[in-house]
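Single chain ahead, written as structure tokens, the form predicted alone.
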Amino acid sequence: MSPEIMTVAMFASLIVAITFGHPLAYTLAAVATLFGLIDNGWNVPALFDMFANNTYGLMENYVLVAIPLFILMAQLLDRSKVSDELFESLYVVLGGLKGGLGLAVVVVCTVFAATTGIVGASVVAMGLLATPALMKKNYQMEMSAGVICAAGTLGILIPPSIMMVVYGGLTGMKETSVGNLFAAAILPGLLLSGLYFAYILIRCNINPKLGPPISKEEASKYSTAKKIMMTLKSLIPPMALILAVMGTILAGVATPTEAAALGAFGALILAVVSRKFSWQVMKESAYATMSTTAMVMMLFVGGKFFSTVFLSMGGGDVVADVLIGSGLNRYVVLIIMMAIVFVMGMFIDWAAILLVTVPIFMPIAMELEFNPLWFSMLMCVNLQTSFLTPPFGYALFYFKGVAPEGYTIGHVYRGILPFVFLQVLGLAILFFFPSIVTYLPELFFGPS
């Protein structure tokens, strides 16, 4: 069977299997096994050897040790209620503005993103904490859902990010090391946060009914000095943790794995200081870390099987020949690759998309002489949309699962549409201004 037919059949089989709702990790591995056997003439021992070598290689990757450590940090922070105190102080500080509570959600999620790196934790925490306050102040339901879902997805982009750790482990390139990716993601993450902030502020000033301010009486209960003290008190602990983790990486003092261990220890200290620590909290955090890490690593193994078989049977060459050999301008080829990732994000988990597309697209990007770090960041920002785009955006279901009675999936879908547009706008800005991505890595680590 020709590589062209095998390529089409393999992707078609994956899409069909996913639509039946089978677990993604096992679906990737099963499709890889079937087509690996077809490609090698049903030589089971040879395929088993290939899979065993790939799995062992994954488990030897030191960078991936950062994944359970960052997840543990996120779990401990979630239970220490750092975000609760920050939202309560920003509720007072920003609540007097039109759309002020929505702005507070964006700020809290931005800070929370830089301490957790997990979308589910951010969306669920803010859904439980902020939605009742937004409803009480008569915020439009679509606006409330859109703000919480969109701002919550910043956790997958703003470092320390699990996605960056996975991406860096996949490529194994110096230019796209985890440290470089972390530095490159800071400004794009803040850009998206700024776009959300500006949209809420402008939209709610045009139509105050979407996000009315809190009453003047409520706002006047606190003096300016007290507002400043409340904000500093709630902001200093997470900012200290961010500085400890990101500062050591960017200063070259620690590797991402070592910084992840420091972050987990720092989160434990914050939980103790905030008097939220107990052995039950530790037990729950450790169990959640174990189950989440197992899920991520199973996806990693299944995705690695899929990409290895796909490349070994010539699928990567087929895709490269179609895109590069088409004679299209290299930027048109880039837009096509981004469009493929965007559409896949509507149906498939971000980890699976990374594991399937990076081994195929990265060689094409290198062949077209794109900056690998810039290309990688376009991929990662694009993948952030996978949490918001219907029908299978995970952030939408996280929010719906904790939203108060009265919220329908229709409210959620309508609410996220402007924010998906803002994410695409942010991607376009990075496309036209690559220095937003490359400035900080060059500043901290020198030109690649």
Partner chain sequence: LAVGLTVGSADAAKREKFGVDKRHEEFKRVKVATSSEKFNWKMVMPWSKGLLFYDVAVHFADSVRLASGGRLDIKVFSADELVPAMQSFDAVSKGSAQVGHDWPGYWKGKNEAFVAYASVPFGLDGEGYNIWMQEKGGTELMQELYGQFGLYALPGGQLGQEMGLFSNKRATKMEDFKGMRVRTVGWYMDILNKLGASVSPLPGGEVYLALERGVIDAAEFSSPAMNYPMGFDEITKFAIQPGVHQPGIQCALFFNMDAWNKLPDDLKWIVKIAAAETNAWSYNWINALNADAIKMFKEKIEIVQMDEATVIEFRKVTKAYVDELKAKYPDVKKAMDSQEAFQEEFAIWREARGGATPWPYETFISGKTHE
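Positions refer to the first chain, counted from 1. Keep in mind it's a predicted model, so treat the numbers as computed, not measured.
The following text describes the form predicted together with the partner chain, which does not appear among the structures shown.
The closest non-hydrogen atom of residue 255 lies within 4.5 Å of the partner chain in the predicted bound form. Residue 317 belongs to the set of residues with a heavy atom inside 4.5 Å of the partner chain in the predicted bound form. Taking the partner from elsewhere, residue 206 is found to have every heavy atom lying beyond 4.5 Å of the partner chain in the predicted bound form. In the predicted bound form, the partner chain sits within 4.5 Å of a heavy atom of residue 308. Contact with the partner chain, judged by heavy atoms within 4.5 Å in the predicted bound form, is confined among 320-328, 130-138, 370-378, 174-182 to 174-182. This chain appears without its partner; in the predicted bound form, the one residue of 46, 402, 38, 417 with a heavy atom within 4.5 Å of the partner chain is 46. For the residues 242, 186, 250, 163, the 4.5 Å heavy atom test against the partner chain in the predicted bound form is passed only by 250. Proximity to the partner chain in the predicted bound form holds for all of 50, 53 and 304, with the criterion being a heavy atom within 4.5 Å.
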